[in-house]
Structures are given as C-alpha cells and as structure tokens.
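Form predicted alone, single chain, as structure tokens, below.
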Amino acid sequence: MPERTESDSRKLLRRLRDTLAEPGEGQERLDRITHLIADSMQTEVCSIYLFRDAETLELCATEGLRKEAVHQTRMRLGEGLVGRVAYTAQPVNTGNAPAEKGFRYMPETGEEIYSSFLGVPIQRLGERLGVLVVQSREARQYSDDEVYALEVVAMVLAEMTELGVFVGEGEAMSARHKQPVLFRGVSGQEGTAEGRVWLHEPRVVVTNPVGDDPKVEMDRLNKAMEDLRLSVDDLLADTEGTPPEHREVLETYRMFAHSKGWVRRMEADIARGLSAEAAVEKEQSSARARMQQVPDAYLRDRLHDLDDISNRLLRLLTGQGRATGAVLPDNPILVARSIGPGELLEYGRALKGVVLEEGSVGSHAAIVARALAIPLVINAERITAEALNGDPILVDGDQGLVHLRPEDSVATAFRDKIAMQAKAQERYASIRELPAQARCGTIVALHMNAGLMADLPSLAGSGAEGVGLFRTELQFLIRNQVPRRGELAALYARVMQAAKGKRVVFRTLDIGSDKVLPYMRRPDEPNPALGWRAIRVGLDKPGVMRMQLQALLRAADGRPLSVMFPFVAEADEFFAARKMMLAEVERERRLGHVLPARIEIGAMLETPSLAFAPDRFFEAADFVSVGGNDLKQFFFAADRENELVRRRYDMLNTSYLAFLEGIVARCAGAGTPLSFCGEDAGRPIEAIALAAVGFRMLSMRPASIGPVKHVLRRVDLDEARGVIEAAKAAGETSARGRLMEWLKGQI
C-alpha cells in the first residue's frame, strides 16, 4: 500500500482522536466527526447512521446533506444502500448510487446531486451499531485504500459508541447498557429469580483505539503473539491422556497463533493508525460478521476458535484478565456465552440463576442447573454484548424470558409473582409430612430427582419420599479423566447416608447424545439422540460400567441398593446388563465384601419399542421407570432440542395417554412396580393425568413436589380418569382442555 495513504490514514485517526478528546455533548462530537472525515477524505458528504432499534436506522449526523434531515430520516434494516450495508455487514462502493439495485431516494436529505457512495458498517464484535457513509458528486469508485481507511475509522467510532461518547437525545443516541432489554430465550430449567448480572467472561474494553507510534504498537502485538504461542504450546504439551477433540481445538489455536495472514492483517491495521488491541478487535469483529454468514457448522466452529483466541490475545495486550477485581454481587445471576459443567458447579448454589447465549435443554449446563435447582434460560442471543456486571436482571425460567435492567413496573410485577410463589411454598410446607392422597383415597408416592450431594438436603425439605432418579453422569462430566472406583463408592455411600434410609434409585451412566465425556471421543453420528448412547455404550465398552456397578455395590455396605439402566430399547439389552450386574455381585461375594441387603435391578422405559417387549422382560425387571422426556420425543418424532417442534406435542395428547395406559397394564399384569420420571411429572395438570391413568409413583425436581401434592390432595382421580375417557370418546386430540375446565371446579 502507498506510504502516502498510510500516513493520511494515521493522520485522520490522530485528528479523530483529538476531536473526540474535545469537550462537548454527543451531537456536537458527531457533527465535528462528520466534518473531519469529509475534509480528510475530500468528499462532499459524510453521514453517520445509528440504530434506534433492532430494525431501524436513523441519520444522526451529516456534513453535506440537509441538516434538517438529522434525526428525521429513518430507514428499515435492508432498505436502501445504507440499510443494505447494515443488513449484510459488508461495504457498498459504487460510482452510480441511483442505478444500484435497492437504491432509495430520500428527498429530505438533498442527496440527489451525489453519484458516488461508500458505506461501511459500524460494528463491534459482530454487533451492528450503524453505518458510516461518504458521498461525492463525482461518479467514481472509491479505492481499496479509501474503503479500508473508512472501515478503520468506523471501528474507532464503534468503540467510542460502546464507551458512551455519543450519547444524546433520542433513541438512536441513547446511552448503551442503560436501557431495559427483553431477551426471549428457551427455558432450560424452570423457576424465577431476581438479582444482579455476573459475567462469566467480562468483556475486554479497548480504551485506546488509536496508536501514536506504529512501531511501538507492532512490538506490543509481536510480544503478545509470542506469549500467546508459548501458552498454547504449553497447553498442547500437557494433553497426554486427554481426548483427541481437546487436542484438535488446541491445534486449531496453534494454527491461528502461527497464521501469517492473521498477523499480516493486524499489522496492516496498525500501519493505518490503530493500536494493537484495536487491530485485534477489528479482525475479531470481521470474523464474527463472517460467522453469522457461514452455514457450514465446521467452519463456524473454526471461526468460534478464532474468536476465543482473539480474546486470549486481547487479555494479554490489555492486562484485563478474567479476574477484574469485581466482587460477586448479592443474588448473582450468571451470564455467559456458554459454560462447562465443572465451571458451573464451582459457582454452586451461590448463583440465583443462569442465562446463556448458547446451549440446549439437554446440555451439561442444563443438567447442572437442574441439579442445583436454579432457573436457567438458554439461547438468549447477544446478552453478553448488552449486559454489564452488576446490572439488575430478572430471569423467568418458566417462560424462557430475561429482563435486563427492567423498568419499575416490570420489576414490581415480577416481584409480585415471586411473592405469590413464596406464599404457595409456605402452604406446601404445611402438607410436607402428609401423603399425596387424592379425595378418592388413592395415594401417589412423590419422589425427587437428584444428581449432586447438594441435592440431598431437599429430600427432607421438599417432603419427597425418596430419590426416584439419581443421575450418576455428573461425576463423570466434570472431570478430565474417568473417576476412580473408590471415589465413586465414597460419593454413592454419602448419598445413601444422606437419604437416611429412604430409597435412592441410581441410574447408571447415561452418556452419549448431548452428554459427551471430556475424555471420550465422540463418534461422528448423523443423529446422536438415536445413536450410540447410555446402555449401548455400557454394553459395547463394559469396563466403565463394571467399575460403576462395583462402586455401587461397595457403597451400599449392607444397605438396600436400587439400580436402573437407561435407554433400554429391547429386552435383550436389559438381560445383558442385568447379567453383568449379577456377575459383579458374585465377584464381590468371592472377594468377601459386604453385599447389599437387597438388590433391585430396573430399567428406564424411554423408547416406545420397550413398551412392546416380551412378558419375560416385565417379569424379570424389579421395577420400571418411564423416562418421560425421551419417551415423548420419540413417540411424537419431535426433537426436544428443536424449538420449531418440541412445544407442539402435548403430554395430554389422548394417543400418548392411551400408550401410557398400555405400559401401566403391562407392569400391573407382571406385578412390576412402575414410576414416571421427567419434567411432566412435576407439572400439576400432567401429574393428575399420570395418576389418573394408573401411575402410583412420580419423580420430579424437589421444587415441584409441593405444588403436585397440593393439587393431588384436592381432586378425585376417578373423576379425572372419566374426563380423559370422555375426551378420547369424543375423538379429541388432547384432553388438556377438558381437564383444565374440570380442574377449575375442584380447586
């Protein structure tokens, strides 16, 4: 690139920095900047458009267009050339703007006399903030150097916008990180919480986007790159025994750390006047913009890797590590792009809620949030870009909504909802020691789901009669290697001791699908939910399952032991797993170890196929537990991770209820105890339906036991069954409407 352009670019940025340093309000600064850019680039027009809302751009300052158009001219995202730049996050450079497809003439601006047009996005880390435009009467295309220079200026404007330099009157110039924002995500765990934001990875703030001396900035970048390469090499040297996927990620990091093209682009940015950290962030913003346009999942992952290593480099340059000195606020709500199960467990019950930009209802984070009984909202897009540490925040895990910096009226209504829930919990406490006995005399045993030692205090507090499901995979997910048998035996023993004689049903390792162990190579499967998971892994790779069964047997230490195998699809799988269990019992006997006083071996019925297994399966199983979450998705062929379909299918569908009745009949015929475990068991109307069709044991999260017991004690299950039968007889798809109407007269 010509030296003259480099000098002009640096000169423009220095002038821009000096202009920004002058006192003045936001509008004054924008006006000075548009004059400065037009003068420096020798164009008749320079205009700045900022977003006033997610879909609308507003002309906020101009040199060359009519001043009366400022704050009056607006356009939709994608509308006109300015809207196209904002929508695509790509420059538009044309010598004949009126001839361009999509051109929109704005008569109030007086722009009809200008032919050439160059617009570049004002964006920061993929977040669109506005558009910077220059125009000239002369019909010419702007050079690559001019496009590049304007992009560099736009990047500085983005940083200054983020820092609140251009705050003024009106929506488009309102203070960032001050306004209320509503995020619509997906419920990962029910519950409500009010608190303050705690960012898992605080944003790196670039306060000096303009560099005085390119050589100094180059040296800073090279030193930081050297430190980055050494840190990645150290991480790679310490990967012995870790799964190949971890090494692949670090190899990708090393590839980027040694990428000459990446470094060359950052050096070019510095040569044009940016500081080292601003150059890193400019390339990071470009990568984020590309990420949004790339359909290929593999390439998106690689761009995510570049994003992560850019953050590492920024922290080295700015000295802004994760430890910012901020103090965990009262009632912290964790906000993160994503988080691993081990990191989430480190926060533990100090958190009141969790909000993630990524994840799924079956993710590791969701599993831990359920174990911690804290509300979780996932897929809250761009919340990490908007939230600041300490911001007030409301999390509605029931609806999948997050209110950031809520208005007083919203906060008041939310607190009323929490207060009503607290009063309801007080009512539930009064019946904690009473049975869930319906008016017809039927008693339904209510058990709780658990997965951590920290869950066990809820056994007494919730009134649960036992633990219907203890998930054992969490202890495997949070480690970097397979836990030792002794460690597991000690944990399981503590669980049984904490249960104080109440029944605990341990589900053997349920991995695969969305639960992949950090040290296990994930097979490349087109549909993991229907693939190599749970008991299939245990039977194909029996070493870990044998070790876990040995740990359970030793943990019992003479106490009764209940074990169930997950995701059994056919009888032979259960018999093979049962045979393995009995072999381990015999082995323990030969070794002289104390055996459990009684052993129950059961199965989770999560696939429709098992409902039609031969009688010998139901006769051999000591108990059967319907895994409602998986069974419903397979019954309706509706992926529960897919928001387009997962809410369309109702547990109170009459066909599904008839199917469940068939399972009840099979178990009753064989004299096999039956339970239902899953989210639906913890919803009062669904719990009534389950009890009405014959389930006498339900297992749910601890917080659901009170509401379910309260409603069961106030209804006649024979009447409820009659309502369901009437819906079926009428040919209705769902019994929900009739049950809801009937329930109004009962409570």
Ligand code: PEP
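Note that the coordinates shown come from a computational prediction; the quantities given were computed from them, not determined experimentally. A residue's number is simply how far along the shown sequence it sits, counting from 1.
Same protein, other form: the form predicted together with the ligand, not shown, and the subject of what follows.
Visitor: So which of 399, 437, 222, 629 reaches within 4.5 angstroms of the ligand in the predicted bound form, heavy atom to heavy atom?
Guide: The option sitting close enough to the partner is 629.
Visitor: Select from the listed residues 471, 352, 128, 403 the one whose heavy atoms reach within 4.5 Å of the ligand in the predicted bound form.
Guide: Contact residue from the list: 471.
Visitor: Any idea which of 573 to 581, 268 to 276, 601 to 609, 86 to 94 reaches within 4.5 Å of the ligand in the predicted bound form, heavy atoms considered?
Guide: Going through the listed ranges, the match is 601 to 609.
Visitor: At 4.5 Å between heavy atoms, is residue 447 in contact with the ligand in the predicted bound form?
Guide: Because no heavy atom of residue 447 falls inside 4.5 Å of the ligand in the predicted bound form, the answer is no.
Visitor: Spell out, yes or no, whether the shortest heavy atom distance between residue 313 and the ligand in the predicted bound form is within 4.5 Å.
Guide: No, residue 313 sits far enough from the ligand in the predicted bound form that none of its heavy atoms falls within 4.5 Å.
Visitor: Heavy atoms within 4.5 Å of the ligand in the predicted bound form: does residue 152 have any?
Guide: Taking the distances in the predicted bound form, the answer for residue 152 is no, it never comes within 4.5 Å of the ligand.
Visitor: Can any non-hydrogen atom of residue 640 be found within 4.5 angstroms of the ligand in the predicted bound form?
Guide: Yes, residue 640 lies within 4.5 Å of the ligand in the predicted bound form.
Visitor: So which residues in 573 to 600, when you check the ligand in the predicted bound form, have a heavy atom no farther than 4.5 Å from it?
Guide: The stretch 573 to 600, when checked against the ligand in the predicted bound form, contributes no residue at the 4.5 Å heavy-atom cut-off.
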